[in-house]
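Given next are two forms of a protein chain, the same chain in both, each as structure tokens and marked structure 1 or structure 2.
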Structure 1
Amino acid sequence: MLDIKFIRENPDVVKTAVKNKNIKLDVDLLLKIDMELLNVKNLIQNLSEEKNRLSLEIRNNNEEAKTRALEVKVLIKENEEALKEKEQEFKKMMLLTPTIPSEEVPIGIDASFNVVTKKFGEIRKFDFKPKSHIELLDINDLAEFNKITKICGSRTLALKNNLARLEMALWQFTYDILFEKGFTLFNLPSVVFEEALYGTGHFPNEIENTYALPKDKQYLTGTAEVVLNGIHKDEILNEDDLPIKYAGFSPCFRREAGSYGKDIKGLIRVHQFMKVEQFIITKNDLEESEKMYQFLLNNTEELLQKLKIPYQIIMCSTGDMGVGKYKMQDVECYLPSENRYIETHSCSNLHEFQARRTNIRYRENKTNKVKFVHTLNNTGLATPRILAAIIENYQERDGKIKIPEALRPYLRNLEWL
């Protein structure tokens, strides 16, 4: 969400961002409503002042003043009701105003305009045709799909045997890395009120992908970012306490409305998954914000390099990065059976976007001014998706699967799944 003052002073910049991010927002209409709001507020103020003046005249038994006072009272009520309607319309449109993207971001309406910025790791040369992770799961009895589907519906699964242990090892492995880097660790709930999802910017655009609990007026989150962003709602933080680094683990839920294709089978696109999310609150400073962004991205690279999984980093285009993102890069792991990369991590800098929605600020030491913070996030690790890349990259000709060396200490030095 942008500052309305910025929109008034830079309408063309905002219009360009709206166009490049493929957002349905009429900036001229927004400014028109903004002006109408100012006019109505001024009118109510003038009427209130007139009402106060008339009250003095009424004390002197001025009949005309009494008549006019009644008229003014009605006018104030009518305009206050009109003001409420205009404010609701204004708020809905303001929630759609995008963060102005970085100049680094490629311009394009969708993911086809994304640009690969880095590749890392040697792609293994198999002397046999690599099997898909779905085949390998079946051969090694590591997951249950069919029976679980009967109970829980499509795109659900149950990990079994040593794969269940490996999943837990991955979470602990990720937590250890982030703890050493100064993150405060949280095991978080997944149930939140609607306000929290508006706070991160997932609402209104992601409503159709979010599971609702209407009886309780709550929702299931698709990332711990939602809870972590809400922890400091309406607070003014001390500059000396920044940056704040949180890592939150939680079950995550997505309806995956509109998704299709082969990814709906297996471990890649499921309705429920587990995720450790990195989340940072930092100063409203471009240099410091970029420093934290690179820190988050480097954490992901370190994790994947320890797991020895080939990966690539892409810079997401304006149309693929979301309303609130200043910059966003996805990290994708190599999937041998399909000779392609799949997204496993997503790193974003949102500048003031979430802070304005959640009203998170800090007081500068030098100026004593209160400013909105910057917020950033990146996947720490999400399962079961990452398991698909591990299973396929570590498979052998006979279908057996090695365990990455970095994870063996968490599994009593077990070498094979």
Structure 2
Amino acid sequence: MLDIKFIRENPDVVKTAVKNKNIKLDVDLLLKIDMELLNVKNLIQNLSEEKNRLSLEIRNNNEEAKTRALEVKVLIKENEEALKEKEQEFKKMMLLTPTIPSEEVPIGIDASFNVVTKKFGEIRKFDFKPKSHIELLDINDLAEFNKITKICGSRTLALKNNLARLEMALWQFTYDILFEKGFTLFNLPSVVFEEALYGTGHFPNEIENTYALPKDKQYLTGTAEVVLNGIHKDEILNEDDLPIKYAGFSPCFRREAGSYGKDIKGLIRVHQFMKVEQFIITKNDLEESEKMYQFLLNNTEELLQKLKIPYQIIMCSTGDMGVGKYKMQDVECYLPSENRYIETHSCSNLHEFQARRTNIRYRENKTNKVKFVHTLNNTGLATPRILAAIIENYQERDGKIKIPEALRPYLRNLEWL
């Protein structure tokens, strides 16, 4: 969501962003409605002024004023009805207004325009044909698929035995690192009101991908970002308290609508998973928020480097990065069995987008003015997806799986899964 004033003054910039991000939004129509809205608002304000004046006179038993007041009342009501209609239309369109992407972002309508910006870690040369993580899970009795699917539906699974322990170890490992980096840790709920999802920008676009609890008018979140972003809703923060660094651990739910046939088996794409999300609230300052962005990205790299998993970083193109994003980079881990990289992390700077929707502001010390904060987020770690990369990269010829050294302290120095 953008500032309407910015849209009025820079319609062409907005139109370009709309086009590059492949968004269905008629900017000219939005501006037309904006004008109409202003007119109605002015009219109502004038009537309200009159109403207030008349009320004072009525206290002095002015009968004429009372007659006029009744007329004004009707006029206000009529105009308010017109206002409400236009406002709804306006809000709907405003929710679709995109953040203007950074100049670093490649322009293109889909993922095919993404660019690899970094590769790290040596890809292991196997002297045997690496097995898929699905095979390895089976050999080592580390997961249950079919029996669980019968009970819970497609794209569900259970981690078993030492893999279940490894998952827990990963959480400890991730939390330790983020805590040392100054993050406030939250173990969070995943049930929210729709308001929170509009706040992050997941709604309206992601409604189809979100589990609903209609009886309670609530939804299951697909990321802890939703709750973390909502924590400071409607607040005016002190500049001195920024940046705020939150790490949230929560179950995540995604319907994966429209992804039929994609990564059906295994640990890659499931309906319910666990994730630690990094979330930062910072000043409305390009330099500062870029600094925080690099911080978030570095944290992820550090984690993966400690786990010794080869990865690459992708700069997402305009069409692949979502309405609200200024800049987004995915971190992808190497999967030996398929000789490809799979997305395990996604780092985003949303500028004011979420702050506007959620009304999170701060008072700037220098000017004493109230400004919208910038919000940023990046995956800390998500399972089971990352487990696929760990298992495959750490496999041996006989199908045994080594445990990354960084995790062993959390597993009583266990060496093999």
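Predicted, not measured: the structure shown is a model, and the values here were computed from it. In this text, rigid core is short for the largest set of C-alphas that superpose within 1.5 Å between two forms. All residue numbers here follow the sequence of structure 1, with the first residue given the number 1.
Structure 1 is taken from the form predicted on its own, while structure 2 is not. Treating the motion between structure 1 and structure 2 as two rigid pieces, I403 shares its piece with E208. Rotation of the smaller rigid segment with respect to the larger between structure 1 and structure 2, from C-alpha superposition: 21°.
Fit the two forms on the rigid core and the C-alpha of L54 turns out 7.6 Å off between structure 1 and structure 2.
Shown is the Cα shift of E64 between structure 1 and structure 2 after rigid core superposition, which amounts to 9.8 Å.
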